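First, one chain by itself: the form predicted alone, in structure tokens.
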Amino acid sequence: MKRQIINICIGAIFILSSGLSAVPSMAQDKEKSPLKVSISYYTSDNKLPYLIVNAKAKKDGKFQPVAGAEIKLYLDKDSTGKGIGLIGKVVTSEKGRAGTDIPPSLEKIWKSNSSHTFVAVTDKTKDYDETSTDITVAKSRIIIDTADDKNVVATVSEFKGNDWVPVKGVEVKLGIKRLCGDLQIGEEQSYTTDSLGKVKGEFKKTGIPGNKNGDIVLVAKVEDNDTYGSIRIEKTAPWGKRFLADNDFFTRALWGSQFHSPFWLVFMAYSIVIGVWGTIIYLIFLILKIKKLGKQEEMLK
């Protein structure tokens, strides 16, 4: 009986020790949050595209950007799902973002197909497991036509086979490039392409300031499209108002610089300054004179 009780106690101790040893590993696995990587595709002026990746992980109940994550980017993948054309390796910033262009060495692969898959791969680290994500994007382009000085026409096309085919039902934004962003050309925020892949927007920003020649930069863009990503095209048009430098800055006026104020204002300001300081100096002179007279009276006594 004693031997059975001893065996039961030893078994219980073994089970408890095994459970306790498993707790740290289970806790460690729970602490290891999965790394989520997303890929964004951008094309500007119908040139080779560039990619932006975002890395984030769940911390304190919400997703936060992950800095210092090393991500390998590939163009297309083989039958096993692995990337074949290395675009490059990037490291995310404090905001969890990183970007890179497609190198010219992959231009041949880029031109070989009408659509491509971009693959982002991260290796296993002490904080995160190995991850892999990809997006498939069709090659596309935008062309702006400014033959009519009252309307902006943009055409969206997709590369199929050996030719560019118009695309219907794509949302396009038409605007004017400004310093802090793009300004709408009219009241409509976006336009949808017709069966010819075209959108047409009326230019209502007449009199908008341009450069010294009156040129402005028109913009047509597609943002975050599931098939084509983000594409953008710019074109210069002489539809703005010529910018003339203001030469009134050096004339005498109330808004002029320090040495270009009106004469009457300068005379008034200096008169006040002279009057105030003259009064102060005169008072100091009287005080000194009173002290001197006081000393002379004491000597006479």
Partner chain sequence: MENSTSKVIDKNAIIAPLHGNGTKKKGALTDEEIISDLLPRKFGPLGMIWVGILLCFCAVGVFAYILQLKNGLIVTGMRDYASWGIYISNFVFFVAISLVGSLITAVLRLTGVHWATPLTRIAEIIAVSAITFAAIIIIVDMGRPERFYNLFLFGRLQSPIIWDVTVITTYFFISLLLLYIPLLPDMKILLATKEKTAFFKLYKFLGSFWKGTHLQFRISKKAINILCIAIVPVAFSIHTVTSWLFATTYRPGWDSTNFGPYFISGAFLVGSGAVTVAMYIFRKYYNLKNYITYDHFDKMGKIVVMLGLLYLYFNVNEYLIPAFKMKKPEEGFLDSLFVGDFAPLFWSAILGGMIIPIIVLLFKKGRHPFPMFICGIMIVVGAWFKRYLIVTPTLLHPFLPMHNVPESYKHYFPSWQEWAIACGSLAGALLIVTIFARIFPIIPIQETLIEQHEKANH
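In this text, rigid core is short for the largest set of C-alphas that superpose within 1.5 Å between two forms. Positions refer to the first chain, counted from 1. If you're wondering where the values come from, they're calculated on a predicted model, not measured in any experiment.
The following text describes the form predicted together with the partner chain, which does not appear among the structures shown.
Checklist entry - Can any non-hydrogen atom of Ser261 be found within 4.5 angstroms of the partner chain in the model of the complex? => result The answer is yes: Ser261 has a heavy atom within 4.5 Å of the partner chain.
Checklist entry - Hey, in the model of the complex, does Tyr270 get a heavy atom within 4.5 angstroms of the partner chain? => result Heavy-atom contact with the partner chain at 4.5 Å: present for Tyr270.
Next on the checklist: Is it the case that Ala253, even though its partner is missing from this view, gets within 4.5 Å of the partner chain in the model of the complex, heavy atoms only?
Outcome noted: So Ala253 counts as contacting the partner chain.
Next on the checklist: Can you tell me whether Val266 touches the partner chain? I mean in the model of the complex, with a 4.5 angstroms heavy atom cut-off.
Outcome noted: It does: once the partner chain is placed as it appears in the model of the complex, Val266 has a heavy atom within 4.5 Å of it.
Next on the checklist: Just to confirm the contact call: exactly one of 56-64, 43-51, 229-237, 272-280 touches the partner chain in the model of the complex at a 4.5 Å heavy atom cutoff, so which is it?
Outcome noted: Selected stretch: 272-280.
Next on the checklist: I have Ile287, Lys291 and Glu298 flagged as a candidate spot, so tell me whether each of them has a non-hydrogen atom within 4.5 Å of the partner chain in the model of the complex.
Outcome noted: The answer is yes; Ile287, Lys291 and Glu298 each reach the partner chain.
Checklist entry - Taking the rigid core as the frame, does Gly275 move its C-alpha by 2 Å or more between this form and the one not shown? => result Superposed on the core, Gly275 moves its C-alpha 2 Å or more between this form and the one not shown.
Item to check | Large Cα move at Val266 between this form and the one not shown, threshold 2 Å, rigid core | outcome: It does, since the Val266 C-alpha is displaced 2 Å or more between this form and the one not shown after the core fit.
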